[in-house]
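Read the single chain below, which is given as structure tokens and is the form predicted on its own.
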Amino acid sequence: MDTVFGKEIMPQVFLTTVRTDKFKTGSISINLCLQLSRKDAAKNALLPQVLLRGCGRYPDMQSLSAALDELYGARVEPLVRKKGEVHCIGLFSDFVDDALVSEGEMLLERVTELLGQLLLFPATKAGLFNSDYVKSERENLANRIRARINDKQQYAVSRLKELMCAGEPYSVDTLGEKPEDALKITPISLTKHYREILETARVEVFYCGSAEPGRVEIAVKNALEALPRAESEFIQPYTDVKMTTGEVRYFTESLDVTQGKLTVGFRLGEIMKKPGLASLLVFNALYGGSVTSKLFLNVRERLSLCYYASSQIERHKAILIVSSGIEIEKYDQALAEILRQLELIKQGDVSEDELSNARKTIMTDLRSVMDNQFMLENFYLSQAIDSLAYSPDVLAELIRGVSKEDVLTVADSIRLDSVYFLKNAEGGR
């Protein structure tokens, strides 16, 4: 079993260390956790890309690449995610584990120092981010925002979130809302924003590898020694969980698609006042989050009402989303059956085989998490956002104990909020 340590090592800087001999690589990430907002989303998303263009010690990509080569081919990647209404941006690195290189190489310290250099001492001109780097990366970001529409399945999910949560920070996309949001960013505005968040952001650092936690802590403290911390009280990012109170809302849009995208949004409701993560995960696997789920076996396989149908829970925001691809003319039938399968669970139509298969699905997913360092990093970041301290193997034990009654309690709390349908211009409805 891996050993996990977590502590606050500097003001509002939290370190999670997973000590394990399982991997041939070590990994470390630094996340700045911010309040998701419409006005800052694009600047947040742009920052890691600009930081990776160079720092004072390695002012361009060529010198930075050479430095990484000297670290046995270590990699550094940008991080841009949202957990509910918390925007998490930063840097992730993986590198050959110290146990596999010559004694005295101290790769952990050298890689961690490099991350600190990239984060705290970016390449600048006259005190501002390099204008060429900002211009180039904002164009790339604008193109990524434009490209979201190319994946119609994900686009439909994003549009449902935007419409369902209109007026809530969660409706804002991780990259920003429009290409113009990226293109209007200047070196001055980005530098100002960068300096503000360095002082005020909650920082989550994650390490996975064979090094002892005390050594990791010293390496991180040294790398972040120059991190400015605000003298005033830190503002903790949070997620505002809404309950459905009004009528169900229906949205229809038309694009050049050959397959309709029916996306259904639910609020998880009262259960989230005292949420049980294990019960939520098993419910989702039972309803639509696995190939043995009710949506997959009934709506897709038995009734052939859709090409795909699956559900996902955004636990940080307390919403459930069903995503499906359907023939345009089957909209009414598909929607009715998606809702019917949820109603069947509420009525107790859950067999022991279905429940067992749902548990097995989550257990398999958790084993995958424990075998992948980036998935582990993402898992522990989610735990940190929710102020939870248990590991994947502890969660697996909780999954084993989820009962039928636990699943029915989750299902009974769920309420339909919004339905979004993406169809072609010639389609009905």
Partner chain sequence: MQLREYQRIKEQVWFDTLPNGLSIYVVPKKGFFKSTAVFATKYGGSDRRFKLGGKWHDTPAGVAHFLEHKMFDKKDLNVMQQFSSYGASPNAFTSSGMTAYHFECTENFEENLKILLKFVTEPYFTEESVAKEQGIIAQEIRMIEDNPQFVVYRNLMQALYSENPIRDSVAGTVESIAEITAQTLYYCHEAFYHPSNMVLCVAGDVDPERIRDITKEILPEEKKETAERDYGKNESPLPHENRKEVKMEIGIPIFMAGAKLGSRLAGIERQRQELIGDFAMSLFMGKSSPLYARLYSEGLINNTFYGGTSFFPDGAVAVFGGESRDPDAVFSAVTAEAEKFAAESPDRAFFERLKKAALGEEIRGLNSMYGICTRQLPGHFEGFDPFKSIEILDDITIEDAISFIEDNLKPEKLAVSVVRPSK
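All of these numbers come straight from a predicted model, not from anything done at the bench. Positions refer to the first chain, counted from 1.
Separately, the form predicted together with its partner chain exists; it is not shown, and the next lines address it.
Undergrad: Would you confirm whether the three residues 184, 286 and 355 all fall within 4.5 Å of its partner chain in the model of the complex, going by non-hydrogen atoms?
TA: No residue of the spot touches its partner chain in the model of the complex.
Undergrad: Which of 166, 243, 235, 149 has a heavy atom within 4.5 Å of its partner chain in the model of the complex?
TA: Only one option qualifies, and that one is 149.
Undergrad: Which one, 277, 197, 80, 297, lies within 4.5 Å of its partner chain in the model of the complex by heavy atoms?
TA: Looking at 277, 197, 80, 297 one by one, just 297 meets the 4.5 Å heavy-atom criterion.
Undergrad: Quick one: is residue 348 in contact with its partner chain in the model of the complex, heavy atoms, 4.5 Å cut-off?
TA: No, residue 348 sits far enough from its partner chain in the model of the complex that none of its heavy atoms falls within 4.5 Å.
Undergrad: Does its partner chain come within 4.5 Å of any heavy atom of residue 250 in the model of the complex?
TA: The answer is no: residue 250 has no heavy atom within 4.5 Å of its partner chain.
Undergrad: Given that the partner is absent here, does residue 113 sit within 4.5 Å of its partner chain in the model of the complex, heavy atoms only?
TA: No, residue 113 is distant from the partner.
Undergrad: Spell out, yes or no, whether the shortest heavy atom distance between residue 153 and its partner chain in the model of the complex is within 4.5 Å.
TA: Residue-level check for residue 153: yes, a contact with its partner chain.
Undergrad: Any idea which of 188-196, 324-332, 267-275, 123-131 reaches within 4.5 Å of its partner chain in the model of the complex, heavy atoms considered?
TA: Contact-bearing stretch, as computed: 324-332.
Undergrad: Scan 84-103 and write down, in order along the chain, each residue with a heavy atom lying within 4.5 Å of its partner chain in the model of the complex.
TA: Those in contact are 94, 95, 96, 99, 100.
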